[in-house]
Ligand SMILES: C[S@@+](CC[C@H](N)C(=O)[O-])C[C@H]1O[C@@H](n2cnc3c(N)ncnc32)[C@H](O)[C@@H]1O
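Given next, in structure tokens, is a single chain: the form predicted on its own.
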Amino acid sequence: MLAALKKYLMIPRLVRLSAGAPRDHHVAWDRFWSSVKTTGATGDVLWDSGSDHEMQGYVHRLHQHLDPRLPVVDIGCGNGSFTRQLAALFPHAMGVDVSAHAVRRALSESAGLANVSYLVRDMTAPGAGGRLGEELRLLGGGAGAGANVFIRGVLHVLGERDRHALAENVRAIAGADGRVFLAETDFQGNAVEYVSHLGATLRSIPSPLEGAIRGLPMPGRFGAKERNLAFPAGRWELIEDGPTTIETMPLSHPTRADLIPGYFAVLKARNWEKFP
């Protein structure tokens, strides 16, 4: 019992680390990505495992529910690791991120891929979804009746108001024919238990985890309850949902990705013709 409680002695250090995180999420994310030197399994980005293992767990449902003739928009693309994998499944993959530094890195890491593009865009801003849909059409993405949308690890770091705003922009992108696939962390413990799960101890915190605590919004959980609030049944039809697993880079083991309990959902806009 005493050993289990010792981890809570980390609280003062966690508070000190997170106290300096910028309040403005634009600043926080751009500052974070400006500091990233390398990505992948041995890099600086906590949620980039450097493999396609997590995506392979999604492919069946992407094939089952999303129209392969439509383009796909990867919201919160970061360095484009998932965008590039989506480009193998859809005619065009557009990655979108609030950080200009993230998009610059994604462009560099995606050099030579003809059906991938990137935009700097805050997808919680009013009207962002409609403008993005127009830009996708101009790029030849073929989003006449909408586009598919992929969201991985974004909603759990947003507040309720921003979640709702993002959902409304996603609705404008998806239109009548697009579908939305989302996958988010849904860890049921508190913040101390969460960082302990990812390898933090009283003696040390893995460097990528410490960087995220120091500079980024504190993550929450996103499961069925949170999805129902952000994507209400009056505007969205739930096609499928359930548990999944989110992978991070190796933290508690030198060569094996760490696993976080997660939640996935597939949705479509309801009554699009009546309420765009």
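Everything quoted here is computed from the prediction, not taken from an experiment. Note that residue numbering follows the sequence shown and begins at 1.
If you look for the form predicted in complex with the ligand, you will not find it shown, but the lines that follow are about it.
**Student:** Might residue 47 be said to contact the ligand in the predicted complex, defining contact as any heavy atom within 4.5 Å?
**Tutor:** Yes, residue 47 lies within 4.5 Å of the ligand in the predicted complex.
**Student:** According to a 4.5 angstroms non-hydrogen atom cut-off, is residue 231 in contact with the ligand in the predicted complex?
**Tutor:** Residue 231: no, not in contact with the ligand in the predicted complex.
**Student:** Would residue 78 show up as a contact with the ligand in the predicted complex if we use heavy atoms at 4.5 Å?
**Tutor:** Because a heavy atom of residue 78 falls inside 4.5 Å of the ligand in the predicted complex, the answer is yes.
**Student:** Applying a 4.5 Å heavy atom distance criterion, does residue 182 contact the ligand in the predicted complex?
**Tutor:** So residue 182 does not count as contacting the ligand.
**Student:** Find the only residue in 177, 186, 122, 168 having a heavy atom within 4.5 Å of the ligand in the predicted complex.
**Tutor:** Contact residue from the list: 122.
**Student:** So the ligand isn't shown here. In the predicted complex, which residue out of 89, 191, 116, 158 has a non-hydrogen atom within 4.5 Å of it?
**Tutor:** Residue within 4.5 Å of the partner: 158.
**Student:** Given the stretches 130-138, 106-114, 80-88, 202-210, which is the single one in contact with the ligand in the predicted complex, using a heavy atom cutoff of 4.5 Å?
**Tutor:** Stretch with heavy atoms near the partner: 80-88.
**Student:** Any residue of 17-39 with a heavy atom within 4.5 Å of the ligand in the predicted complex counts; write them all down in order.
**Tutor:** Going through 17-39 in order - heavy atoms within 4.5 Å of the ligand in the predicted complex - the hits are 26, 29, 33.
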